[in-house]
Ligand code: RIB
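As structure tokens, one chain now follows by itself in the form predicted on its own.
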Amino acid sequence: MKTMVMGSINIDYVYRVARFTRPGVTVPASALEKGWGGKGLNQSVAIRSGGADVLLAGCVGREDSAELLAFLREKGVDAHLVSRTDKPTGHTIIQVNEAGENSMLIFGGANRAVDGELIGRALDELAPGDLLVMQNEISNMPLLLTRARAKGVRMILNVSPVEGAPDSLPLETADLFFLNEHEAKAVARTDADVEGALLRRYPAAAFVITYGAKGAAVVAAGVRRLWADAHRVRAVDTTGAGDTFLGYYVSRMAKGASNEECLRYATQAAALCVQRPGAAPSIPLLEEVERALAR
């Protein structure tokens, strides 16, 4: 069984600030860090760090392609489906405050160059039952979801960013959703009984929902709800925590693990991630997660 991520590739610019800036207010940054990010890249690195082989499909600007490919080779991610374009590489401006919270501004760049040709080449490498992880940071998402459904792959969708997605995307095609609390309310189209509303709206799907510092749940029609408390740690930077959680969950799925084990590994990996700065650089290795679980 293959695991593929088709998604965004960004350069992250992370600014350390005492507080987030507001309109008309200039806030000094105490530090600047630059590194690779984007939900597609982060999730592929997390899947590989969790012990599963993974392919990454997406687009990067030509001027950055050599550096990116070297990074992915170092991380063990198969990048032969990363396409070079004349558009600038996507980038993210990230503010991180003293509580470790983040605020982001995203420029799509090359991520908006994902077209039908790349989607076709990527899906040609998958067979029914393979895992395909997607987000909402690239162009032609409706086409990708429709073609992937016709291919018969197991579709894992992280609906982020969620704004506009319930109206613009064929969400009924997905098999498994990864949502934070805000995204879950948007997809359910209600603030009340959100999990129940999701199951009524998409009865054939399962949902992994993260509730920040409280924990995470796995819900699906006709099965027992699973819950894992979040580990109590001092957060340095929450950037990439959701991608780490998803990546470790999917890496365990690819290994045939139970939902309980997937949730346990994902929760522990995210707890380690938030204690480190950055996105991709903060993703823990499998041996670190297993040592922490053993404790």
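Everything numeric in this text was worked out from a predicted model, so none of it was measured. For every residue, the number given is its place in the sequence shown, counted from 1.
The following text describes the form predicted in complex with the named molecule, which does not appear among the structures shown.
Contact check for 137, 239 and 279: all three have a heavy atom within 4.5 Å of the named molecule in the predicted complex.
Checking 99, 104, 143, 221 against the named molecule in the predicted complex, a heavy atom within 4.5 Å turns up for just one residue: 104. Interface residue among 173, 92, 180, 85 relative to the named molecule in the predicted complex, by the heavy atom within 4.5 Å criterion: 92. Heavy atoms within 4.5 Å of the named molecule in the predicted complex are found in one stretch of 224-232, 34-42, 245-253, 56-64, which is 34-42.
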